[in-house]
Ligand SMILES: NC(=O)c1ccc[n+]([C@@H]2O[C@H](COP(=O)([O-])OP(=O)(O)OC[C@H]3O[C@@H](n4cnc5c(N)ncnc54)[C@H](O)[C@@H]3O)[C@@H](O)[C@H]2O)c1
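Okay, so here's just one chain, in C-alpha cells, the form predicted on its own.
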C-alpha cells in the first residue's frame, strides 16, 4: 500500500518532515504548498531526486488534489485553524504540527471538527516517541504511585523562521504554547490524573529585546516556572530557560513515586531508577529505536511518529496522539500564559 503525501508549509519543520518521509518505504510526496517561493525551493531541494511534487502557492489547491492520502500541516501556528477548516471538507488524513491552535476557541473548533472527520487527525507531539521518554514509560510501574514530575529545559533561543512569525504571541500562542505544549503533553501522558490548577511566573529578560519587526519588539517570554496541580494530588513543574545554550543536556525529566523515582535526560542514553525501600539505584541503558532511519531535529522521534501514523492508517486504528491530547496540551500552556499576565493561579474549570 503506497501512500501519497501533501505538505503544507515547508519552512524548517516542513522540510524536516520531508527528510523523514524520504527514508520510509512506500511513500510518495506528490504535492507541496507554501506562499513563500524560497520555502518551496527548500522543499524541492529536500525532496532531492526521490520525489517530484507539484508546487502550489495556495494550500487550497493542494487540498483539492484527489491523489493525496495524507496531508502534513507545518505552516505557522496561527494559520492552523483556517487550514483545518478547509481540510475538514475533505476525507484526507492529516498530521497537524504542534501546537494544534493558538487560542481556546480555535482549539475547540478543531477538536469538534476532528470528531466528525472521516480521516485520521494526528497532532505532531513527537516528544512522546523519543527513546528516553519511551524508556521512562516502560519502567513507570516500578516507582509506585506517581506523586511528582519535574521537567527542565535549558536551551538556545527560538530560531529565526520565515518572516519572523515566531517572534510574537499573536502568531505563536505564546512561548508556553508554541514550545512547551510538548512538555505539558508529556505531563498529561505520565501523570494519571487531570490538571486542575496552574500557576506560572515568567518573563522576557534576555532574548530578542534589541530586535524590531515593522517597528515592533518581540513579546515572547524566554524563561518561566510553571506549577501544575492535578486532581488526585499529583504535582508537576516545568523549568524553562531559553538563554542557556551549550549545556550537556537540553532536557531533564524526573518522575517521582512513593516507592522510587526515574530520571533521564534528552539527549541521553541512561535511565536512573531508584528504590526507596532498598536505598539503592540502578542505571538502565536506553537503546535507540532500531526502526529509526532519520535522526533529524528530534532524536528520531519524528521518524517514529510517521511510522506510527502510517500504522494507524493501514490498520484503521484510532490515532495515538489525537486532537483531545493536542487540545489538552495547549490548554495548560494558555492557562500558564494567563497566570503570568495576571499574577494569579488559573483554575482550569473557570478558564475553560
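Every value quoted in this text rests on a predicted model; they were computed, and no experiment measured them. Residue numbers count along the first chain shown, from 1.
Keep in mind that the form predicted together with this ligand is missing from the display, and what follows is about it.
Comparing 308 to 316, 321 to 329, 34 to 42, 282 to 290 against this ligand in the model of the complex, the single stretch with non-hydrogen atoms within 4.5 angstroms of it is 34 to 42. Put simply, residue 263 is far from this ligand in the model of the complex: not one heavy atom of it is within 4.5 Å.
Although the partner is absent here, residue 222 sits far enough away that none of its heavy atoms falls within 4.5 Å of this ligand in the model of the complex. Though the partner is left out of this view, residue 12 does reach within 4.5 Å of this ligand in the model of the complex, counting heavy atoms only. Within this chain, residue 124 lines the site of this ligand in the model of the complex, having a heavy atom no more than 4.5 Å away. A single residue from the set 79, 169, 103, 275 has any heavy atom within 4.5 angstroms of this ligand in the model of the complex; that residue is 79.
Of the residues given (162, 136, 242, 84), 162 alone sits with a heavy atom within 4.5 Å of this ligand in the model of the complex. Contacts with this ligand in the model of the complex, taken as any heavy atom within 4.5 Å, map to no residue of 324 to 339.
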